[in-house]
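What follows is one chain in structure tokens, specifically the form predicted on its own.
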């Protein structure tokens, strides 16, 4: 199937799925439609051992589509079970912060001063504990310098690799930040001193464009950065089955193609 038939949303779903490769039997939590479909695609292809929920209170034997309910319930995903998995490190979540800085510190609480914020949002919620108890990956639907910011985020909700934040400069043992998927590229924390680096560029996107839309200097995985893989025909068919209500088509304005002109 030609990659011209794949959309940006479907390319992002495939990229999100890769966050769970070789994770083993864990609870996979994708926050938002595209990360959630990424966990579902991983479970249906290379990671059948993943545990996924209906987004409410049940584990399902099959991935539950956005907007759907579990047909067969495998068990309760209540607070006790979720937090037992979480605190034991047996969870990998993909979350969508409002801000992230070069250290991987993430913010979902306020924009501006905490004493007098321009915008007040969710509060820190579970971000502090989640960040040091289990692996975390990230999705940003709009890659720009207001989201991937210079300096530090306005309010640190999730721990990162900033040595100034720790006694002796050493991050907590459980800190494990992995993949960042955006509408422009895929990144990780594999640069020097956990510096964020670009590991693939979406088709038609240049490194210069990514850097221009980022508030801090980026590392590269190589001088010639690979292109993000476009989903194949089998994956597109699976994604269509996993998203029968077509929620993915509404995540980016005008539902653009995977390959930019």
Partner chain sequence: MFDKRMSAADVVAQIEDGMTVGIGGWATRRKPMALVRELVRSDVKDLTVVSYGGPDVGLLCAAGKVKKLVFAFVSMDQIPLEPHFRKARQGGTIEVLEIDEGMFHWGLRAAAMDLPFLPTRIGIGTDLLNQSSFTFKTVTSPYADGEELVAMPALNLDVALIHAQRSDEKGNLLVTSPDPLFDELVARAAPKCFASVEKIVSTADLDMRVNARFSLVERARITGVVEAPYGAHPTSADPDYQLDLGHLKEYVGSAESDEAWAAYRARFIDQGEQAYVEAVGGAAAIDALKKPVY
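Just so it is clear, the model here is predicted, and its values are computed rather than measured. Residue numbers count along the first chain shown, from 1.
The same protein also exists as the form predicted together with its partner chain; that form is not shown, yet it is the one meant from here on.
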item: Proximity to its partner chain in the predicted complex (heavy atom, within 4.5 Å), stretch among 223-231, 23-31, 54-62, 204-212; value: 54-62
item: Non-hydrogen atom contact residue 150 with its partner chain in the predicted complex at 4.5 angstroms; value: no
item: Contact test in the predicted complex: residue 140 vs its partner chain, heavy atoms, 4.5 Å; value: no
item: Contact test in the predicted complex: residue 158 vs its partner chain, heavy atoms, 4.5 Å; value: yes
item: Residue 120 within 4.5 Å of its partner chain in the predicted complex, heavy atoms; value: yes
item: The single option of 95, 100, 110, 185 touching its partner chain in the predicted complex, heavy atom within 4.5 Å; value: 110
item: Three-residue site 68, 115 and 125 fully in contact with its partner chain in the predicted complex at 4.5 Å by heavy atom; value: yes
item: Contact set, 69-83 vs its partner chain in the predicted complex - heavy atom within 4.5 angstroms; value: 69, 76, 78, 79, 80, 83
